[in-house]
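Okay, so here's just one chain, in structure tokens, the form predicted alone.
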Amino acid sequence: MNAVYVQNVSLSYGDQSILSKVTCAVEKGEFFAVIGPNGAGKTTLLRLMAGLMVPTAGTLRIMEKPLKSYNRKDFARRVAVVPQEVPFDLPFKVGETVLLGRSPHLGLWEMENSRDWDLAREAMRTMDVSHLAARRLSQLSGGERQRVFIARAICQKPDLLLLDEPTASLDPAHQVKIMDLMARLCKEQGITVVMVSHELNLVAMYADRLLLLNRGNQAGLGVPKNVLTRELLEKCYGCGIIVEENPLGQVPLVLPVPEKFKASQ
């Protein structure tokens, strides 16, 4: 079963093309990462998958159904989104914010029950934010807020989890913890994860497949070792790249080459 199906999807603003004929299918339970340089169209593609934008051409289905066939609540039950820039000015405490993940599963005037609170507490423990439960979002660092919104998404218990650079503001320990968690969600719960990331070495170690975008065009699709090649990365990123075998496993290790070392290559 395809959790996400994208066929020849394009998006334009007037004469400006943002995405051009992107095609990929993400299987249920797959850990799928979208990579590419700044301005490649990664976030745009994720927003299309989240139903926040409408493509100007092509086909996009979520869980085998066209996006337009979902009502807002049904879609929210199945798809959770963690944006790149999470809000800090919401008038909620951390515990309340995480509990909002249960909202799509509640009736019109239905209140959260003990199971909802248990799921919220479990999500906070998972993301190491339990000690922040009584703090307001405005009192948190960027990395702490990011973990809170990932906890909210986990509390939602979705079938599909869409994340835009979830590790960007985190220290290495929390980066690895989040990637470990995403891999477990895929393997143990069958949740599909689609993640936009600039962390090439992290996604190489965790993602089942990668989609490489460059200037709105599809430049590569496949397992990490087939996408993270020196020739392809140098073409897309426009800088010197070294690709070696990662000593931690049979995946590529990507190193950008600083200007001062280019003469010695």
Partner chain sequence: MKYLWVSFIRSLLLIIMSTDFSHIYKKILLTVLVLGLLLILAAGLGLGIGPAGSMWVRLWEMIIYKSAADPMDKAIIWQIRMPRVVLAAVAGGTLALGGLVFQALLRNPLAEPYILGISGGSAVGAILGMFAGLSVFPGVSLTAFLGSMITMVLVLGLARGKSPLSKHSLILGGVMMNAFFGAMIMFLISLSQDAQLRNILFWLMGDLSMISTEHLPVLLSVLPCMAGIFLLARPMNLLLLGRDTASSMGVNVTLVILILLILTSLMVSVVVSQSGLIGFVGLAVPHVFRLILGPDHRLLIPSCLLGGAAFLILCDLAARTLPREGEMPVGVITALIGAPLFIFLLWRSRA
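Numbering follows the first chain given and starts at 1. These numbers were taken from a predicted model, which means no experiment stands behind them.
Form predicted together with its partner chain: not shown, discussed below.
89 is the sole member of 171, 89, 188, 180 with a non-hydrogen atom lying within 4.5 angstroms of its partner chain in the predicted complex.
Distance criterion of 4.5 Å from any heavy atom to its partner chain in the predicted complex singles out 106 from the list 133, 176, 140, 106. The stretch that touches its partner chain in the predicted complex, counting heavy atoms within 4.5 Å, is 69-77, out of 189-197, 120-128, 69-77, 140-148. With a 4.5 Å cutoff on heavy atoms, residue 167 does not count as touching its partner chain in the predicted complex; it lies far away. Taking the partner from the other structure, its partner chain in the predicted complex has a heavy atom within 4.5 Å of a heavy atom of residue 52. In the predicted complex, no heavy atom of residue 61 sits within 4.5 Å of its partner chain. Though the partner is left out of this view, residue 81 does reach within 4.5 Å of its partner chain in the predicted complex, counting heavy atoms only. With contact defined as any non-hydrogen atom lying within 4.5 angstroms of its partner chain in the predicted complex, the contacting residues in 152-180 are 152, 156, given in sequence order.
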